[in-house]
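Starting off, we have a lone chain in the form predicted alone, written out as structure tokens.
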Amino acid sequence: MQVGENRTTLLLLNAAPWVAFLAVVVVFGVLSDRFLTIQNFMNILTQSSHIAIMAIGITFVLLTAGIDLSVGAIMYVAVAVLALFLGGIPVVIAFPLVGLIGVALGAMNGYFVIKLRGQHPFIVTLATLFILRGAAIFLTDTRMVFVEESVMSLGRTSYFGVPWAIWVFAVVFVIAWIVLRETPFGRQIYAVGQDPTAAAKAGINVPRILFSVYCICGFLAAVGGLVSIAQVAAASSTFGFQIEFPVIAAAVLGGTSLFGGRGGVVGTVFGAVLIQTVQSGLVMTNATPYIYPLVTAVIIFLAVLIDGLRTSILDTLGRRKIRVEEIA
């Protein structure tokens, strides 16, 4: 009987984000006649693109039972370098250079995580968060920085009626999905997250996997920064500030476990869209801005609570196996 109850509870926990999304759509649809429109949903996808891209990067890290709190700072550094030092350079050259900056900063995180034997990614990335944000503020002298018109024009560009930001997000999503689902590297990421000791005994180079996922996360943080700055055109000293919280919440809401080894990018994208849908609904219903942080805090709390309960039940059922799950 206990096993049956656990399975039912697990089913309900897995369905909770989808039920929440449906409830959000219904509630805001009733409160605002502009909410249930194609244009609004297109705007939600566009505005959530940079969150989804960065959350996909965080997913790679979370699958190894790690975490990266520095993604917002990496995002800010990448945009600051683009605005201050790469102006006038064609975007086909500038954007890859910014991506390499993201890889380098992610590699720094990976290096120190490996040196600490993967035990303290929270402390490592918390430290680099402050270091990198301080470096970006030093570079910009706390002033707002602006990007070239060629970058801003991308934010206004559409292909076949679909905004550029959504196309970038779609490409990142497809590549990440293939990597995790169809490649040995993806399977090794899940194995390391499940049990790094067993993975090492099976011949997997655990340090290499850990280093790689932080590089991927850094790269996608920079890409998220590019998508965001193309939409807003300017970055102040608060650019990317505390963005790591909704990014992590998006991944966890979508079923990626904070304890590693379980999750996928399909759920992550859903989590990012859910969070942006709530934000869009609050704006359309003219909710007081003071309630926005409270709503975000509730979402984060529920994401962590659901993940903790789900993991506890899976441990009880003895079902913690190495497998790819898109919505766990």
Partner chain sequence: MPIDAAETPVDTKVEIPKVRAFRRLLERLILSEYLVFYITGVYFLIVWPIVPEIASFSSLRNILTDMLPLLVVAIGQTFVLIVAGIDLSVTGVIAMASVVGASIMTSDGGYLQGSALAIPVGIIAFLVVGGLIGGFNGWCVTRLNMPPIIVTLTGMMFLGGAAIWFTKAHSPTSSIAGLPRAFVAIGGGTFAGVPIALFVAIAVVVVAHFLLSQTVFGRWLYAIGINPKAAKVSGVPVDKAILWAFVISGVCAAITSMLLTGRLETGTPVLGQRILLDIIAAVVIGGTSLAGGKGKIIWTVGGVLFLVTIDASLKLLGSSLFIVFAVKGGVILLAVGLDAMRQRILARGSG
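Residue numbers count along the first chain shown, from 1. The structure displayed is predicted, hence computed values, not measured ones.
Quick note: we don't show the form predicted together with the partner chain, though the next part is all about it.
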| property | result |
| --- | --- |
| Val304 within 4.5 Å of the partner chain in the predicted complex, heavy atoms | yes |
| 4.5 Å heavy atom contact, Ala297 and the partner chain in the predicted complex | yes |
| Contact label in the predicted complex: Gly29 to the partner chain, heavy atom within 4.5 Å | no |
| Contact test in the predicted complex: Phe138 vs the partner chain, heavy atoms, 4.5 Å | yes |
| Answer range among 77 to 85, 92 to 100, 166 to 174, 121 to 129 for contact with the partner chain, defined in the predicted complex as heavy atoms within 4.5 Å | 121 to 129 |
| Residues of stretch 191 to 224 in contact with the partner chain in the predicted complex (4.5 Å, non-hydrogen atom) | none |
